[in-house]
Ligand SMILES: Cc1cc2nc3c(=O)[nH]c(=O)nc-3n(C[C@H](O)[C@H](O)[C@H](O)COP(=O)(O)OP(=O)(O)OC[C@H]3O[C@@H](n4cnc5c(N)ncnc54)[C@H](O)[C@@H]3O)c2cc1C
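Next up: just one chain, as structure tokens, the form predicted alone.
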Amino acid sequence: MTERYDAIVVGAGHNGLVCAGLLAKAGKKVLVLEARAEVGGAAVTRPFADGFSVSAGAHLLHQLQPRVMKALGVRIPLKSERMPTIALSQSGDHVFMDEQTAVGVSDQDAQAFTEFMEWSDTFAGFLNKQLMKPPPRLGSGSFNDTIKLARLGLDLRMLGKADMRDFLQLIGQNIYDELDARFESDLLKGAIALDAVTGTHTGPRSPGSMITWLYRLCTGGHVSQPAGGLGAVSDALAERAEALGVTIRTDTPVEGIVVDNGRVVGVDTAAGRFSSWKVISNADPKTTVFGLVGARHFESTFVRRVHHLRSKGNVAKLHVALDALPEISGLRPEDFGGRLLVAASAEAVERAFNPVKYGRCSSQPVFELSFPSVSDDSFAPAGKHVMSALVQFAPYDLAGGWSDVARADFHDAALRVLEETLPRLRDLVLHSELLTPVDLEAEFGMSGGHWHHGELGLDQFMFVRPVAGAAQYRMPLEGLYLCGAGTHPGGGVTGAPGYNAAQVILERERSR
């Protein structure tokens, strides 16, 4: 055995770095092992063409939680803060939105939008209170879990009788019907519908798309662009973790988590074995159970639950190096610094989703676009620009597989549809890169290429995230924990899973 550590974190994604930093701050000797040459996981900035860089996974910061930044003493420099959202119209009659207002719609819709956002924020506020808390174990009978359940019930009651009833009714509903009842503008409905289903295996008409809309709001209703991209966030967390005493080793893939007599005792790598009684995996649950530990070390019921965890991604990432900014009717050059959506209506988002049910890509995909080079010239050479696009929908398990032909067809479909709103876009393309969910899995190690390491559904949410038996960051194997997006509250660059996992580990030590 090599040098012993108090804790070993597998994976230097942002949640792993947060967890490691907090453990080190509490006086623990912590080692972080990362397979890739750089830290960050899917929150990384890298080149994709000569002179051009991009935030390769997550491309906008929806909010690293303030409590995380305060606990670690981290500050994230921003190039663009509270970026406006612009729903693009082919006619040039765009809709401009922030957290409370919509411009470019009728007075009636503008008022309805403000009321809808206030209504949504009420319920998102309840979820936000749960964001930085490990969920209680149901039926455990322990005093701590009873107290946590009581606090959860109190938070729910504080909504008031009417809002509590509405919340319990709407969490299983779809966003489509709610939007249809409130708004006239198709473009406004399309923008909200797209936000509700981004990164999920759902369409606007799917039951549960309302809860994913509220989840998006509760983790931070505004978006920002960090200076240097999302990789700069990970670099800042890694720098702070090292300052607190964490040892980070890159280019050191973990080959297996070592189990002896029913508990973890360390990890094996090509560089040797590292010893610890605590191993915290920032990898997704399936990779952790089947790839790092081995199913034989868990009970069969638990193994079945993890095996059936829904974690197939549906979003492709398109990176485009541009000779210049495209010209869009009704859009000023500075408007390209916002978050641009291409989704003509909620029905268009639903039609884009429909082919996924049968293992096919959308022939009319919908998009979230950003042009990071508009506000940060580190992304592209002078006078040139970068477009980063989330393209929906592209199923992980494409019928026939992601062959070169299938990849080229979807790439062409994406540019063709974009050109309907961004005329002559293809004339400006110097280089492009398409990452399908299969590519995201290969590059970032996410099973199924799913951002959240598992679908955000009511059966994979909060008390049962990722599955029953592992919903409080502790795995049913002594000394093994999870701290990644597969745990509560889910994905996004929030740091909440890593923060919560560290609290559980430290609390358990204090109680012994």
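Note that the coordinates shown come from a computational prediction; the quantities given were computed from them, not determined experimentally. Start at 1 and count along the sequence shown; that's the residue number.
Below, we refer to the form predicted together with the named molecule, which is not included among the displayed structures.
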The named molecule isn't shown here, but in the predicted complex, which of 46-54, 66-74, 479-487, 455-463 has heavy atoms within 4.5 Å of it?
479-487
Non-hydrogen atom contact Ala35 with the named molecule in the predicted complex at 4.5 angstroms
yes
Though only this chain appears here, would Leu440 touch the named molecule in the predicted complex if you measure heavy atom gaps against 4.5 Å?
yes
Does Lys317 make contact with the named molecule in the predicted complex, using a 4.5 Å heavy atom cut-off?
yes
Is Pro253 one of the residues lying within 4.5 Å of the named molecule in the predicted complex, judged by heavy atom distances?
yes
For 491-510: residues with a non-hydrogen atom within 4.5 angstroms of the named molecule in the predicted complex?
Gly491, Gly492, Val493
